[in-house]
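Just the one chain here, the form predicted on its own, laid out as structure tokens.
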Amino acid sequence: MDELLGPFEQMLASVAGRSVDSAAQWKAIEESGYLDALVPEVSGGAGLSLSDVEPLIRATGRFAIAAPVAETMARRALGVDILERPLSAILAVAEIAGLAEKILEMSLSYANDRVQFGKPIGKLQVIQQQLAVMGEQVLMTRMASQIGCAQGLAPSPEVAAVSKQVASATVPQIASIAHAVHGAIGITEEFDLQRYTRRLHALRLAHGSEGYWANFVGKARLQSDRQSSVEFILSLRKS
């Protein structure tokens, strides 16, 4: 995948940014050929699985690409105009994971560069503790993304529900810690952090918030004939 991810990230870097022309951005993405990554080889695509493509979708999150890259990949592969909600939710989770990785990277960099009272604020225990919590939340989004994408283009609604509920639930804490570490500069228009956290909040709600999917999972558990919740969770892994 590295041989695909590297050139993909270079292409995204060339068309990302606050002042980018959206039409030019989409033209570059479309001409790159990556939108056919999920299309079967017999139909002229690369024939990759959704698990294979998951790092590419996370990359669109890291560059805060708002264009529907992942959705277009899936629509072309399936030959449909509208995606089922569980699949759309999982694609949003992969973008959330990429955004979360970028926000953590920005927060670590700022904490190491910003000096207060003669030393970087990243040396302060209270900042280190917050960054550790953020790192834990970011890892949760990646796991949710990989578990969801492992289901392919026809995911079970229950697995999609768990994946999206977990990823969406991390968003408030990741965003609040990032802004706490950055201080007032984090909400200024000139600083990019607000672009990433606004996109993060938008994807939190896209195709169902954590509350919507928690309600879905709860109903599925109540309707399940499994004796325990552990058995119910294990059954999801096999679905």
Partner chain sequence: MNFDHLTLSEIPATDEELRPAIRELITAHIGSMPLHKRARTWMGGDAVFSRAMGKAGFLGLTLPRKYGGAERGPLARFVVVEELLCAGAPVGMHWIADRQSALVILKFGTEAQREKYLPRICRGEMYFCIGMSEPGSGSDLASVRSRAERTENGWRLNGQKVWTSGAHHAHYMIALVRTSGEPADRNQGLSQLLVDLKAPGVTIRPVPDLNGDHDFNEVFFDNVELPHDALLGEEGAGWSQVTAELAYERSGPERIYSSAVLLDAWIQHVARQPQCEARQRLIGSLTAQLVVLRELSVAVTSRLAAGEQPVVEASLVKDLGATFEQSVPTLIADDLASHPEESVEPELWHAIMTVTHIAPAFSLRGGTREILRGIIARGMGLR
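Positions refer to the first chain, counted from 1. Computed from a predicted model, the values in this text were never measured in an experiment.
Only in words, not in the display: the form predicted in complex with the partner chain, which the text now covers.
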Revision key, fill the gap. Exactly one of Leu153, Met143, Val80, Val115 comes within 4.5 Å of the partner chain in the predicted complex through a heavy atom, and that residue is Met143
Practice item. Find out whether any non-hydrogen atom of Glu136 is located within 4.5 angstroms of the partner chain in the predicted complex, and reply yes or no. Key: yes
Exercise for review: Indicate whether Val15 is a 4.5 Å heavy atom neighbour of the partner chain in the predicted complex.
Suggested key: no
Exercise for review: Would you check, heavy atoms only and a 4.5 Å threshold, whether Val217 touches the partner chain in the predicted complex?
Suggested key: yes
**Study point:** in the predicted complex, Leu236 touching the partner chain (heavy atom, 4.5 Å)
**Key:** yes
Check your understanding: Within 4.5 Å of the partner chain in the predicted complex, do Lys123, Leu131 and Gln165 each have at least one heavy atom?
Key -> yes
**Study point:** Partner contacts for 91-114, taking the partner chain in the predicted complex and a 4.5 Å heavy atom cut-off
**Key:** Leu104, Leu108, Ala111, Asn112
